[in-house]
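Single chain ahead, by itself, as structure tokens, in the form predicted on its own.
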């Protein structure tokens, strides 16, 4: 089916070339980092995790969120997701690959990656993170590609693939839970030292993932003949709304615990992120932008009349995706390091090469996603009707 990826319109090839240009810029920047070292980044002794680990943390959630589509479709026979189940699985594939690449660039020296394989340490959470990520990647490639192939042949998937699909559904939350354990098991970092870190991770993931799929579905409706279905889009919006409410509630619980208990170590990171400490305010605009976007997006996702407006829904989905990226992709990581255990503030801000490398990894992810979606959409345009008899493309 890969041959379907080399047939496309001028718009498709322009997008591919654009992504290749971004990837090339990222690769050149990485070669600069490889030659000079991690000193070109904004990280330091006090802030040893930055933009790279932030993107890893955020994308693990996007990968895990595929379960919000796959689970209702395969376990509860929710037919409205029949057209987009494969799109959810294919979002997980580039997301996991990007996670691995962000770990790769964060290590500095590429050969250090082999240490995880050559010197496995089962008492390390990172060891289990590698296992769940690689396993989840394999399951989504296997299930997604096989089910799409069966759909193209017009036959139902064979029975042997169903156990793998169920394993993938059970596996999905584990990749984000293990990642949360990397943070919440560090006693010296008060901002991360919370028992509900994994729950916060999952709730924000299940809000940002459906938001991304809504954006993709609306783009596909506009530029291709494939139609994800209005009912499916509305259901994803409701899913995003419920989990966004849970995410905000969890954060407010943390704020209450920190300030009602009056524990300095728990209060200082939150103060730093929202109002700054001793004149250090680099991340204050980030957190307030995140707050403003969520304040606009949440009512749109909740109120039925606003949610059913396609333009408003598209804006709310974009706002939710960006807001949660700001919170988890930047503020969460840096907030755990500032102030440091000596109550000193050492601020972090990503440098230009660091941003270009991160953009390069995102470019690789979108390139893989584009190829996978090009194949999937081409197959769906051939098949026209799904196995439930529902039309997958707009009528002429």
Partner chain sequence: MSTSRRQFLKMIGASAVIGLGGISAFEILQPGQFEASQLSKNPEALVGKRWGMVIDMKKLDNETMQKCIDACHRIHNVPNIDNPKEEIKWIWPETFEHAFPGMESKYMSEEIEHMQFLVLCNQCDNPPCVRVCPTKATFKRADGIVMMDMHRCIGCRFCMAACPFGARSFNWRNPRPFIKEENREYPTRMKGVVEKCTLCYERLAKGLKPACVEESNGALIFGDLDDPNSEIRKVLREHYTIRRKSELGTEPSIYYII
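Positions refer to the first chain, counted from 1. Computed from a predicted structure; not experimentally measured.
Form predicted together with its partner chain: not shown, discussed below.
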{"item": "In the predicted complex, residue 192 touching its partner chain (heavy atom, 4.5 Å)", "value": "yes"}
{"item": "Non-hydrogen atom contact residue 106 with its partner chain in the predicted complex at 4.5 angstroms", "value": "yes"}
{"item": "Proximity of residue 186 to its partner chain in the predicted complex, heavy atoms at 4.5 Å", "value": "yes"}
{"item": "4.5 Å heavy atom contact, residue 36 to its partner chain in the predicted complex", "value": "yes"}
{"item": "Listed residue that, although its partner chain is not shown, lies within 4.5 Å of it in the predicted complex (heavy atoms), from 331, 41, 29, 68", "value": "41"}
{"item": "Site check 152, 221 and 224: each within 4.5 Å of its partner chain in the predicted complex by heavy atom", "value": "no"}
{"item": "Candidate stretches 341-349, 323-331, 58-66, 360-368, one within 4.5 Å of its partner chain in the predicted complex by heavy atom", "value": "341-349"}
{"item": "Residues of 118-134 having any heavy atom within 4.5 Å of its partner chain in the predicted complex, listed in sequence order", "value": "119, 120, 121, 123, 124, 126"}
